[in-house]
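Here you get one chain, nothing else, as structure tokens; it is the form predicted alone.
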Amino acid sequence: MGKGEGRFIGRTASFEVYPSVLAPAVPGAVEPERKLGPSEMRFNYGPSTGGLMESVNFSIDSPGELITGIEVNPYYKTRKLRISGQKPEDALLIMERINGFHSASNSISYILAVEDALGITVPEPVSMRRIIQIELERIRSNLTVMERLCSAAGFGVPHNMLAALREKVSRIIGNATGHRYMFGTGKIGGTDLSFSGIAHKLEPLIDEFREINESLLQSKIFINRLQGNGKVTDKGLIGPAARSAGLRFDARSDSQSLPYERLNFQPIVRNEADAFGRFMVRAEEIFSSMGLIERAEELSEGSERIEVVSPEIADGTGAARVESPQGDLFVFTEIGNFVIRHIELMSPGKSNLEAFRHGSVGTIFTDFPFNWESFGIWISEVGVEIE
């Protein structure tokens, strides 16, 4: 998992997750229900309404426009997924479908945890191809967040341009892997994928994105809706939300699950801590991901198929951390006789949901969608229980 500095990352069912320690979970303090002031009202937004991609309910306190309190319920469509008792390769089919937009991150973190448990060490080209998968996914995910922010602003032209660009990235992914969401592409102990020439195919799309991004940064109307909105500096932040607040939290830097150090990776860090900062980190990470893909492609060259490495043992425990587009994604697994005995998952969305809640208080309701979309939280990753 890598060496850490003792910072808290998040909680699974049984553990509090640190970069190098699995500590027993300590139940968090439950905040008492907020009492309404004499001029306040409480109303619900969601779980199914215009402007929301997924089912999630916000219970909002307000005297009229100012948000004075907010609670979030992401469990309207909780999915219970049974993985225990399955063979690792069968369980992979479930893990990669937790969230299609982050299929590579979820499946690769699981694969790495299984390989850790079974004592499998893969050659460097396999690791590099996995990095390419995650960085391709990061580009598409960040484009989606920026697209949603444009939609919230009523910016139809850049919204459609970013949507078209996202589709082009999906088609490149589909042509390279056989599936636009990379389903069925992961393999424990090896890979069938080859990404020869992938950077060359991405170059014109990155140039296209640069023009769109520069035009958005020249729009005072757009920037004014983001600056100062949802400012939050919680130490529990992860992913782009943390890095926009000056926190150098990035599993690509301090996790040993994937060799990003071979690519001279440096996290993108800013200090705005608001929706604008989160927007900027995602935009700059698209260019950063392109550079990582170029370098990883050079180190992944060789035969298209890299034979699967056989496990050295049949029993063991393993863990892995990867930096998904949202932030730290952690998987712990226990295997016995080549069957999953126990598994736990920490989704980055759970940590940032709390940060979003804190950052919403003091904002106004018309700025709510900018704050929400800037975090890039996927409810599908939060509302899941793995057994």
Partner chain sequence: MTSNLWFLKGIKKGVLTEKFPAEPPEEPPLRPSVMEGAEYSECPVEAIDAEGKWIAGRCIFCRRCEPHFMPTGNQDLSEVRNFSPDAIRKSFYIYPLDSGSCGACNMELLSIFNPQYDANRLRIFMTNSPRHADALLVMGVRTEGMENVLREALDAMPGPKVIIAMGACAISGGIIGTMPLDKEKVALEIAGCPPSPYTIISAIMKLRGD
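Positions refer to the first chain, counted from 1. The model shown is predicted, which means the values in this text are computed figures rather than measured ones.
Omitted from view is the form predicted in complex with the partner chain, to which the following refers.
A heavy atom within 4.5 Å of the partner chain in the model of the complex is found for one listed residue only; from 158, 311, 190, 316, this is 158. Out of the listed residues 89, 301, 124, 261, 89 is the one that sits within 4.5 Å of the partner chain in the model of the complex by at least one heavy atom. Only one listed stretch (158-166, 236-244, 286-294, 115-123) carries heavy atoms within 4.5 Å of the partner chain in the model of the complex, and that stretch is 158-166. The putative spot formed by 16, 267 and 372 is not touched by the partner chain in the model of the complex; no residue has a non-hydrogen atom within 4.5 angstroms of it. In the model of the complex, the partner chain stays beyond 4.5 Å of every heavy atom belonging to residue 40. Not displayed here, the partner chain is kept clear of residue 69 by more than 4.5 Å at the level of heavy atoms in the model of the complex. Contact annotation for residue 185: at least one heavy atom lies within 4.5 Å of the partner chain in the model of the complex.
Residue 228 falls outside the set of residues with a heavy atom inside 4.5 Å of the partner chain in the model of the complex. Residues 171, 175, 177, 178, 179, 180, 181, 183, 184, 185 are the ones in 170-190 with at least one heavy atom within 4.5 Å of the partner chain in the model of the complex, listed in sequence order.
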